[in-house]
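Take a look at this single chain, the form predicted alone, given in structure tokens.
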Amino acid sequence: MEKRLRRTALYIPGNNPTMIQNAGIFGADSIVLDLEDAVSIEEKDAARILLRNALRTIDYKNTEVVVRINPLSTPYGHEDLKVIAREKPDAIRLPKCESVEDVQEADKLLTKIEENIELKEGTIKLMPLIESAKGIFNVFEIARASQRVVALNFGAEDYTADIGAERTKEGKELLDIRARILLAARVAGIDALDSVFGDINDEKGLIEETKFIKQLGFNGKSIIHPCQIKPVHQIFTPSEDEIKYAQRVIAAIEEAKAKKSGVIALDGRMIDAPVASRARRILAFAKAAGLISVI
């Protein structure tokens, strides 16, 4: 699968025509057009039609277009999927995902819709949203439940409410949970996207949390306001020094191969598989960000 940037996934309320129309100009890697939490019960049907029409008429260009439907366990989820999938979004964010069966149910519905509209099977991707104790318990199976799954998303607010934990800015109560989601994503070979940082006025807190989840290994973060895009992107985009070093690592590997040497070293240090893997990952992100043209 071609590597794409998912540093930011900006939530856009599915009942806000102005924000829906302008969603692509903010510069987020992904937009998440939201039919779930952002929309009251009274507006569910109207928001669904609004998003359907928007997907038909608005060109979001290179921005990844994701729609968060309502859970399939609710009266609205199936209709969301049936209506929205016909408009060919890049992916569906599947909320309250707790089991393999949740993913497989969505997969089957998407396969049927793709067949009806003559779209290649598997074109529309799935992004399960893990936000409950049961979802965390089953996260390894969820991550591998379908070839459509390209990312796991973490919903910290609902998760802490589900288990009765206190949600703090420090996030100590979430460390083992984030690690479990990340590990499940890596085993499945997919992306891991962190939860939102709810205080849009606390840029320092956003930066600290984003640096932390990047250190853990996450690929990106869900956000709730355009003002959060720039600081998150700055943290997740490789620096010039990182890119140059990664290029030197790959050059050393290629040189060793040309000489048929089993020993690969750079600046007096051995280059082993983890170092090479990290270098390739940095260069893949740099290319996706347009910082380099070739790897």
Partner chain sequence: MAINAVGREIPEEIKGVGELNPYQGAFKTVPTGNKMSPNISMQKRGETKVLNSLEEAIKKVGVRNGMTISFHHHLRNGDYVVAMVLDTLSNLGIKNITIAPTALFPAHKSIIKHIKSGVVTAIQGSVNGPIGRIASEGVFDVPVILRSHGGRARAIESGDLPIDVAFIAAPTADIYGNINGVKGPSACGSLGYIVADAMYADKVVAITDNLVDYPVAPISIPQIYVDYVVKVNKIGDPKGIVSGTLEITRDPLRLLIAERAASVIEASGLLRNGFSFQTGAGGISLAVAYHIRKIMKQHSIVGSFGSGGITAYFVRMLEEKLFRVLLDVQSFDIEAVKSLIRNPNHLEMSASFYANPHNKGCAVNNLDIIILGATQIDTDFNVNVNTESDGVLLHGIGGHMDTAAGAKLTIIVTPLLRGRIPIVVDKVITITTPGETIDVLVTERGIAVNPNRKDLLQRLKKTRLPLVNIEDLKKEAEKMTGKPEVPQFENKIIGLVEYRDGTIIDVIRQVRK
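Here the structure is a predicted model, which means the values were calculated and not measured. Numbering follows the first chain given and starts at 1.
Separately, the form predicted together with the partner chain exists; it is not shown, and the next lines address it.
Residue contact with the partner chain in the predicted bound form: Tyr245 places no heavy atom within 4.5 Å of it. Shown alone here, Asn22 lies within 4.5 Å of the partner chain in the predicted bound form, counting heavy atoms only. None of the heavy atoms of Gln147 is located within 4.5 Å of the partner chain in the predicted bound form. Proximity of Ala289 to the partner chain in the predicted bound form: non-hydrogen atoms within 4.5 Å are present.
With the partner omitted here, the stretch from 245-253, 28-36, 57-65, 258-266 that lies within 4.5 Å of the partner chain by heavy atoms in the predicted bound form is 57-65. Taken together, the three residues Arg86, Pro89 and Thr111 lack any non-hydrogen atom within 4.5 angstroms of the partner chain in the predicted bound form. A single residue from the set Thr168, Gln104, Asn201, Asn116 has any heavy atom within 4.5 angstroms of the partner chain in the predicted bound form; that residue is Asn201. Residues of 219-254 that come within 4.5 Å of the partner chain in the predicted bound form, judged by any heavy atom, are His225, Pro226, Lys230 in sequence order. Note: the CA-CA distance for Pro226 and Ala288 contracts in the predicted bound form relative to this form, by 3 angstroms or more. Relative to this form, in the predicted bound form the C-alpha atoms of Ala289 and Asp90 separate from one another by 3 angstroms or more.
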